[in-house]
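Starting off, we have a lone chain in the form predicted alone, written out as structure tokens.
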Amino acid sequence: MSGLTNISVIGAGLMGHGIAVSFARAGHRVGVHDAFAESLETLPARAAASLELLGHSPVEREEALNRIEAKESLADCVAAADLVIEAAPEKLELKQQIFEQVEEAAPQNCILASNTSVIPITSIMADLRHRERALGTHWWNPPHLIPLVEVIRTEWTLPDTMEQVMDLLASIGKTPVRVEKDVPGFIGNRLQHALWREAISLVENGICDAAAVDTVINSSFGRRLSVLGPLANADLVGTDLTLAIHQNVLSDLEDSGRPSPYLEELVAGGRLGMKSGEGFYKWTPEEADALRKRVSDHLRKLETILD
């Protein structure tokens, strides 16, 4: 066990509430602070809905909810924390400001973690007085359903800090992985967006439409990714065959090193995806809600199957 008992989460939104639920259902007391009062007011209802989705009984839900406490004051939230996880919007200056406040109010031996998807942890933590206790914990959305947490070390992070957080995450049923170098996107988003870059390029260059891209992934290698990662798959088919394929295909893949002009046109034209009703596809509110539900149901069933 890591010895980290008292958890504080800064940010009560989609990610923050899911992180809090993950710790509370494993028996930890969790303080949650958000600068927006409405987020704190709706926290219990959203946490209860997530616990119900996870299949907890009414009694189990009540026990877990009793371990989550909304805190109006950031200082009060972190005053006795062993671990503080920041889950604020992806804005560097905001995250830096939060950690400046946290460092003033939290115990000196408290571990400080940022849940960011792509911002380098080094940039977020650079101005802290005790940078050796800071690292990144990149949870995936939705955090109460996705097991992976990437634990990112900086040049200052002490080995013991990494080990404590790895042990803690494993103890609550998560699947932590070590990221030994603080690079933009860490592991998962670098892999995910390499795929997205090629997917967009296929559509942009008229090779196929968006539906064809998604159908190919959903109906082929996407089905086995949960149990067969790309490097295990390379060993399965043989590194010699993998090399031969790369010799033929890599030179033709998208490698411009910049965002797709087609994607830039979508954004400039207000085609922002589900929130605007159109992106690569057209979406009605009902279609968007149905897809979100289908994803949640799939993740919940997948967790049961893989367990």
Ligand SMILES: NC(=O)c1ccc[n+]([C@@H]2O[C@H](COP(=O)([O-])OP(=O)(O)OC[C@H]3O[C@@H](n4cnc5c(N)ncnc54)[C@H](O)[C@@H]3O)[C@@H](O)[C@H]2O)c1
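Fair warning: this is a prediction, and the values are worked out from it, not measured in the lab. Start at 1 and count along the sequence shown; that's the residue number.
Omitted from view is the form predicted in complex with the ligand, to which the following refers.
- Query: Is every one of Pro120, Ser123 and Gly185 in contact with the ligand in the model of the complex, taking contact as a heavy atom within 4.5 Å?
  - Reply: Not one of the three qualifies.
- Message: Within 4.5 Å, heavy atoms only, one stretch in 53 to 61, 274 to 282, 257 to 265, 30 to 38 touches the ligand in the model of the complex. Which?
- Response: Only one stretch passes the 4.5 Å heavy-atom test: 30 to 38.
- Query: How about Ala88: is it within 4.5 Å of the ligand in the model of the complex, going by heavy atoms?
  - Reply: Yes, Ala88 lies within 4.5 Å of the ligand in the model of the complex.
- Query: Would Asn141 show up as a contact with the ligand in the model of the complex if we use heavy atoms at 4.5 Å?
  - Reply: Contact check for Asn141: yes, within 4.5 Å of the ligand in the model of the complex.
- in the model of the complex, does Ala232 have a heavy atom within 4.5 Å of the ligand? No, Ala232 stays farther than 4.5 Å from the ligand in the model of the complex.
- Query: Applying a 4.5 Å heavy atom distance criterion, does Ile98 contact the ligand in the model of the complex?
  - Reply: Taking the distances in the model of the complex, the answer for Ile98 is yes, it comes within 4.5 Å of the ligand.
- Between the options Ala211, Leu94, Leu148, Leu191, which residue brings a heavy atom to within 4.5 Å of the ligand in the model of the complex? Checking each option against the ligand in the model of the complex, the one that comes within 4.5 Å is Leu94.
- What residues in 160 to 190 sit within 4.5 Å of the ligand in the model of the complex, counting heavy atoms only? None of them.
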